[in-house]
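Here's a solo chain for you in structure tokens, the form predicted alone.
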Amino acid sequence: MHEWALVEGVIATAARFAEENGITEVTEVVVVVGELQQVEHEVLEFAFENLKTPLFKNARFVLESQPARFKCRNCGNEWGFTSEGMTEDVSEAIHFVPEMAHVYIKCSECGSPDFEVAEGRGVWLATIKGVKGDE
């Protein structure tokens, strides 16, 4: 499942960060999820609870969403993402490969498929809090 792979990557990255910074116990991890990823937050939360390593045994994982925003390169129009009216196949394609948005989404003003994803793409660590070994 896509969400489980994302969680494995987040935990591995956070563990590497903790090790590099002398953190012996992680207490909180804030993860930002771009709307274009269309991941199920409940599945992410379940995966975080079930994939914790001892370093994260008491950690709280906080998920924050970042809405998707597009900007047309043709007319400069900016608009947000909506999956309303999309078939399940289209939604799945964008979920697994967000770049596929260019195939299915057009500028809401001029209809151009030439736009940039200004926000709402990807999954990243916003903050990691923890206890250092000498504290």
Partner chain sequence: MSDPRIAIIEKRFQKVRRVIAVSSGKGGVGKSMIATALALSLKDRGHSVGLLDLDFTSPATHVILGVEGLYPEEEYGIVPPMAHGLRYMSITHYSVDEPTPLRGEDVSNAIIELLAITRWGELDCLVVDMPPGIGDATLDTIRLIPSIEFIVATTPSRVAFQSVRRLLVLLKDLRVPIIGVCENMVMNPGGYVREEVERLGLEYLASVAYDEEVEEALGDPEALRKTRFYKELDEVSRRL
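Positions refer to the first chain, counted from 1. Only a predicted model underlies this, so the values are computations on that prediction, with no experimental measurement involved.
There is also a form predicted in complex with the partner chain; it is not shown, and the following applies to it.
Participant: Closest heavy atom of R60 to the partner chain in the predicted bound form, within 4.5 Å or not?
Facilitator: R60: no contact with the partner chain in the predicted bound form.
Participant: Considering non-hydrogen atoms and a 4.5 Å limit, does the partner chain approach Q66 in the predicted bound form?
Facilitator: Residue-level check for Q66: no, no contact with the partner chain.
Participant: Any chance E25 has a heavy atom within 4.5 Å of the partner chain in the predicted bound form?
Facilitator: So E25 does not count as contacting the partner chain.
Participant: Within a 4.5 Å heavy atom cut-off, is E99 in contact with the partner chain in the predicted bound form?
Facilitator: The answer is yes: E99 has a heavy atom within 4.5 Å of the partner chain.
Participant: Assess the spot marked by A5, R73 and L125: is the partner chain within 4.5 Å of a heavy atom from every one of these residues in the predicted bound form?
Facilitator: The answer is yes; A5, R73 and L125 each reach the partner chain.
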